[in-house]
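The data below hold one chain only, encoded as structure tokens and taken in the form predicted on its own.
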Amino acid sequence: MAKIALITGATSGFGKACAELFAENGWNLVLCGRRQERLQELKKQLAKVAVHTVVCDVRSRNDVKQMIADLPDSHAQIDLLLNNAGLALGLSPAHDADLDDWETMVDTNIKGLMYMTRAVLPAMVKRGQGHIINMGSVAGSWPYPGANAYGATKAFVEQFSNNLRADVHGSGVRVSNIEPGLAESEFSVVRFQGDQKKADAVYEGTTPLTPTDIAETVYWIATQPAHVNINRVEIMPVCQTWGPFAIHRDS
């Protein structure tokens, strides 16, 4: 019997690449996103497996609860939840940042992840099996200018994953957190409000990670033997590493 993966933020980037790879390997899918047209295109593309699509904004607690309650019997037993929906908005220092952007990041990256996890997890614990993979970021561990609220939301993802794993100890449910670094997708286009020139400049002269790189890592985590739990994976391109401490000097 084919396993079922529920992927949030499935219409682009990491989510879409994961949907394609899991489908290629015979998994049936529940794909969640906000763009109906893209969901339908993806469903047609992945027609070799059973795909159920749902237009859902993970920021809405009631919508998430209803989405899970309304899953058809064929897709109701979720084996894998990939909490991929998330975003960064802006790169301004905290004293200039837009509070609306901060709230949107908190609502999506933190609350959306909590809502989806809480809706799916009880059935996994009851069955004694299941896997939750959360999409974090190196920004949750390593600060950089302008990451303020975004980095803080991803730090939440890391600690929530750790605590979640402690809570499900002995249940057979697995929890993992993957933390990508520089990766080229729609991430920077969204961060810069659709400014493609600014987004392209982020990757200029680099060889960044790709959505396929992340999808392959997620799939590897998901297909380990049942007794193996990959707690956390931090992944960067070779061109990226840590910098020295910043020291301001009076001139």
Ligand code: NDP
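The numbering used is simple: start at 1 and walk along the sequence shown. Everything quoted here is computed from the prediction, not taken from an experiment.
Keep in mind that the form predicted in complex with the named molecule is not shown, yet the notes after this line are about it.
- Task: State yes or no: in the predicted bound form, is some non-hydrogen atom of Lys154 no more than 4.5 angstroms from a non-hydrogen atom of the named molecule?
- Result: Contact with the named molecule, yes.
- Is Phe192 one of the residues lying within 4.5 Å of the named molecule in the predicted bound form, judged by heavy atom distances? No - in the predicted bound form, heavy atoms of Phe192 and the named molecule never come within 4.5 Å of each other.
- Message: So in the predicted bound form, is the named molecule close enough to Val58 to count as touching (4.5 Å, heavy atoms)?
- Response: Although the named molecule is absent here, Val58 would touch it in the predicted bound form, with heavy atoms inside 4.5 Å.
- Query: Would Cys18 count as a contact of the named molecule in the predicted bound form, using a 4.5 angstroms cut-off between non-hydrogen atoms?
  - Reply: No.
- Task: Identify which of Thr117, Asn148, Ser176, Thr108 has a heavy atom within 4.5 Å of the named molecule in the predicted bound form; exactly one of them does.
- Result: The option sitting close enough to the partner is Thr108.
- Heavy atom within 4.5 Å of the named molecule in the predicted bound form: which of Ser185, Thr53, Thr217, Asn28? The residue from Ser185, Thr53, Thr217, Asn28 that makes the contact is Ser185.
- the named molecule isn't shown here, but in the predicted bound form, which of 135-143, 93-101, 168-176, 120-128 has heavy atoms within 4.5 Å of it? After filtering at 4.5 Å, what remains is 135-143.
- Within 4.5 Å of the named molecule in the predicted bound form: residues from 19-41 (heavy atom criterion): Gly33, Arg34, Arg35, in sequence order.
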